[in-house]
Ligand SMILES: NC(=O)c1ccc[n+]([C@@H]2O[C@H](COP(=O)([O-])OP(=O)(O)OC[C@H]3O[C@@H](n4cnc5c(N)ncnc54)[C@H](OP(=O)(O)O)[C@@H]3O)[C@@H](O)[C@H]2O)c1
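A single chain comes next, written as structure tokens; it is the form predicted on its own.
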Amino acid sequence: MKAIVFEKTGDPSVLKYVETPKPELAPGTALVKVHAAGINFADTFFIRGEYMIKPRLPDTPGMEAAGVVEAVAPGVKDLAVGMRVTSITLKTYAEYCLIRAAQVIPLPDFVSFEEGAAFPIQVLTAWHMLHTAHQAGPGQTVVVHSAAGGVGIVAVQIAKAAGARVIGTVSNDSKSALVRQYGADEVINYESSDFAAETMRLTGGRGADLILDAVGKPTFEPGLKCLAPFGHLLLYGRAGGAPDPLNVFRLFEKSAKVSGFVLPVVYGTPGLMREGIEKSFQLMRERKLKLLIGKSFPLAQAAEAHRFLQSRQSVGKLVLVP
């Protein structure tokens, strides 16, 4: 099969499109023919050797895949050849990948493979931040940083569906109309404006009840300034670098809280994971949530896709198609 492999850590230039052996079934797994693989910012950290999971060189990147089950290991129940599925797994930048049976998400007929590849990390991260790590609802103001990105554009819609007022931030004005189209009540360009001052102005001096921050260093400190009383700043990424250490006494000013979120923590609670999956698909079924596929790249162009992701010009979800 064809796959993307890197033999040393580094920038996108280390990614090579090569012939490799098809994965062999392991106990408790299914072999999936990949129809679309999701691209995540974490993949760029992975190929640099800076992610929480370290590569075992030579290695293949990728953490999301949607496709069709081609083979099932003996003893695996509830899975059958021909099923349309998606999952969070490893080594998905390839024509085939292995998925642990416990992590398979059956793909409804109304969800395309490209949308399926956008679902596991982006949608479930957004849903659990808004409904597990926080309880978003009517009367709240939610600020979503990088609102045109993969998680951001989903979070805008899920927060809006929960009844919150949504303020999206973007890195350039060309993305503003898109974010409004997907439900944001207000949009701030955090590169050209003081987003903290703008947030305070837009909320009549009260501030935000929740800030979803995947940027990190450039936005973290200003975010603390524009929280409402009992406000919550939720950090789930560091695309702009790691924030400076937090002086916890700053939280006393507004009885605020700061927390972190990574989706794998939810895996250990199957009922919670299942709730997020079911309720997110329901939002899609009700047309309250639409997944934006910003661009699809052939698998062979994985390096180009990574460069485009890092250019900050992308919107929505980027996918690779074998």
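In this text, residue numbers run from 1 along the sequence as written. The model shown is predicted, which means the values in this text are computed figures rather than measured ones.
Quick note: we don't show the form predicted together with this ligand, though the next part is all about it.
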Answer among 95 to 103, 204 to 212, 132 to 140, 235 to 243 for heavy atoms within 4.5 Å of this ligand in the predicted complex: the stretch 235 to 243
Residue-level question: is residue 128 within 4.5 Å of this ligand in the predicted complex, judged on heavy atoms? no
Close approach of residue 168 to this ligand in the predicted complex, 4.5 Å, heavy atom: no
**Prompt:** Closest heavy atom of residue 314 to this ligand in the predicted complex, within 4.5 Å or not?
**Reply:** yes
(Q) Taking any heavy atom pair closer than or equal to 4.5 Å as contact, tell me whether residue 199 reaches this ligand in the predicted complex. (A) no
Only hit among 262, 272, 57, 68 for heavy atom within 4.5 Å of this ligand in the predicted complex is 262
Residues in 295 to 313 that come within 4.5 Å of this ligand in the predicted complex by at least one heavy atom, in order, are 309, 310, 312
